[in-house]
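There is one chain below, alone, in structure tokens, taken in the form predicted on its own.
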Amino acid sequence: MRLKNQVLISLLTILFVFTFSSLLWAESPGEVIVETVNKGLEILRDPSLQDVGKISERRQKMWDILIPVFNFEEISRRALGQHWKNRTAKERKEFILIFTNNLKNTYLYKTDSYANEKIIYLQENRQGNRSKVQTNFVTTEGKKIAVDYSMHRIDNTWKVYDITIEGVSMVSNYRSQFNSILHKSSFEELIQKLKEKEKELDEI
């Protein structure tokens, strides 16, 4: 009887682990987005983080929940576009770091003005390892803003590589800016401009 019980417990344990792992793997792109945005809104609404002296802490908490969801290397590669292939490994690494810091400071600064908005999940269109999650961001005045998240699956984890707001792609917008600069200047000058922007944002 003891042996049978041990076998039963072992089988139940294996079944539980397998089922739990499958549920984690099966988390949909839409669930990832809604969960992440809602966590962010909770932070922005947290009464203990509203004081001016809490701005840095609030922004860091926001960043901590965004890091696992965004593929900043892919965002950087797409933003640099055709110029990516001519860059050395060292140049790519430097660009990813500086560009990511710019994104961090730019968008975390903008979150300071948000508080009572909410997200409405509409649908997700998945094709293989890629998906577009469509949502509406509803402002406190009731205005709906269309926000789409382009995602791909890496190692069974869905990550964002572009955001489109009211039809305007974040990646395409940056790529246009970088193309304009690189047609007139060198890659080193682009890096310098990004460093200057990073310093400017750090002081906000």
Partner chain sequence: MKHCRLIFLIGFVLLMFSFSVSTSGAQDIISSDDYVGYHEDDQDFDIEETPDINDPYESYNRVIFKFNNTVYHYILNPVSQGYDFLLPKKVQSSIDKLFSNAKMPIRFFNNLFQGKFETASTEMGRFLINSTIGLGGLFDPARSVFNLEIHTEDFGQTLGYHGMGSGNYIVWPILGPSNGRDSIGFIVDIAFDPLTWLSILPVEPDEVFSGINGVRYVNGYSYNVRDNYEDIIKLAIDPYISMRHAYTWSRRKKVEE
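Positions refer to the first chain, counted from 1. None of these values were measured; they are calculated from a predicted model.
Same protein, other form: the form predicted together with its partner chain, not shown, and the subject of what follows.
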| property | result |
| --- | --- |
| Answer option from Gln123, Asn116, Thr106, Thr88, heavy atom within 4.5 Å of its partner chain in the predicted bound form | Thr106 |
| Listed residue (Asn173, Ser28, Asn38, Gln50) with a non-hydrogen atom within 4.5 angstroms of its partner chain in the predicted bound form | Asn173 |
| Contact test in the predicted bound form: Glu94 vs its partner chain, heavy atoms, 4.5 Å | no |
| is_contact(Lys143, its partner chain) in the predicted bound form, heavy atom dist at most 4.5 Å | yes |
| Contact flag, Thr157 vs its partner chain in the predicted bound form, heavy atom cut 4.5 Å | no |
| Exercise: Glu74 in contact with its partner chain in the predicted bound form, heavy atom 4.5 Å | yes |
| Stretch from 59-67, 42-50, 28-36, 165-173 whose residues place a heavy atom within 4.5 Å of its partner chain in the predicted bound form | 165-173 |
| Interface residues of 66-85 toward its partner chain, as seen in the predicted bound form [heavy atoms, 4.5 Å] | Glu74, Arg77, Arg78, Gly81, Gln82, Trp84, Lys85 |
